[in-house]
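Starting off, we have a lone chain in the form predicted alone, written out as structure tokens.
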């Protein structure tokens, strides 16, 4: 009798375990590998699973350089994630490729985005009147500087340049060369493939009186006289003033962390990285203005639900996406990654933070251009700078040719 009762008990336990397993839904989340983001999401998953016992989340990461290739190969084959992060500039490509499904319109609609997010987010996340993703955080640019190197050059370590004219003066004085004339300390780090292309496109063009694209972003318009003046000013910093050049000391981030770069134009996402560098004294200021004109570039990574996700997985994915974009996570994202809350109201508590404040101020006048092929359009800018720097080509001719190349990319997408 005891043996029979023991068998029945064992069977009941087994059935309970099987039933519990059957009720658990497992979803997969993809993002590119960025250490602080990956570590934070691992922690967020634990919190989410604790609050949602029937859902398990698996995080999978890939190198940034191969992320889109993996997406293109996996999602159409039904082997991809359920929830995915993507750069906002990839949204048109992802929607056209059929990678994403529309978010539930009853919850994620124009009224929701207008109420919850910065205006540039609500505008740029809208694709054909539908919404396929929602962000946790936003980023913008600022001038960062090394206070120790400022002191050594005789500058007040707490007073950075406020205008483009001052920026050039500071950059020249802060640059150092060895006996052979080689740059050993960059006054202003010039990395087109870093944030240099965004500084040129979204900030300098506008400050010099140009609008880089038409209002619907279907026409390139930066190759006019004002655009040429902005482009030449940028490339002159490398070719004429010699305050920095592409890939100096490996790249701009490495150079700044090592104290080999006095100033850099970088994003708010760099806060956590620089805070982790021992003995690095650095400051943050709004981007230098030009003739009283301020401009900035805002960008963000956003989360979408992959096409083909349905049933219980879709329900779980919606819950996870809502959690990723919640106020709780937005604040943790700033603390752990350095990206700014995507909800303006949450930013108020950081308005007196000396590091965060300049980035927040930049959001007030930032632009977020709509890209149809962010990687391809970025390459056009990096290549045109190389044409001038490495081949000593005429800036006006190079800019005109680059505009034609980018226009072809845009036309090809929309045809």
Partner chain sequence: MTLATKRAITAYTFLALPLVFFICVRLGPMLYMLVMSFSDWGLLRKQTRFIGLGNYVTIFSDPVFLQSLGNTMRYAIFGAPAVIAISLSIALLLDLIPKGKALFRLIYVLPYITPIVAVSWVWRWMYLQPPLGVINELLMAIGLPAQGFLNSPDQALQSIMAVNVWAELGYCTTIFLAGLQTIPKEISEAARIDGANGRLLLFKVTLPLLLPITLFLTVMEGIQFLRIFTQVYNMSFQAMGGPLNSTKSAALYIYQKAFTNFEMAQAASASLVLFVIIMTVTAIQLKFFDKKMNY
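Positions refer to the first chain, counted from 1. Here the structure is a predicted model, which is why all the values come from computation and not from measurement.
One more form of this protein, predicted in complex with its partner chain, exists but is not displayed; see below.
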Do residue 127 and its partner chain come within 4.5 Å of each other in the predicted bound form, heavy atoms counted? no
In the predicted bound form, does residue 236 come within 4.5 Å of its partner chain, counting heavy atoms only? no
Taking 4.5 angstroms as the cut-off for heavy atoms, does residue 38 touch its partner chain in the predicted bound form? no
Verify the contact flag for residue 42: yes if a non-hydrogen atom of it lies within 4.5 Å of a non-hydrogen atom of its partner chain in the predicted bound form, no if not. no
From the candidate stretches 189 to 197, 320 to 328, 335 to 343, 274 to 282, select the single one in contact with its partner chain in the predicted bound form, where contact means a heavy atom within 4.5 Å. 189 to 197
Go through 245, 113, 87, 290 and name the one with a heavy atom inside 4.5 Å of its partner chain in the predicted bound form. 245
Just one of 79, 178, 216, 156 has a heavy atom within 4.5 Å of its partner chain in the predicted bound form. Which one? 178
Partner contacts for 362 to 389, taking its partner chain in the predicted bound form and a 4.5 Å heavy atom cut-off: 373, 375, 378, 379, 383, 386, 387
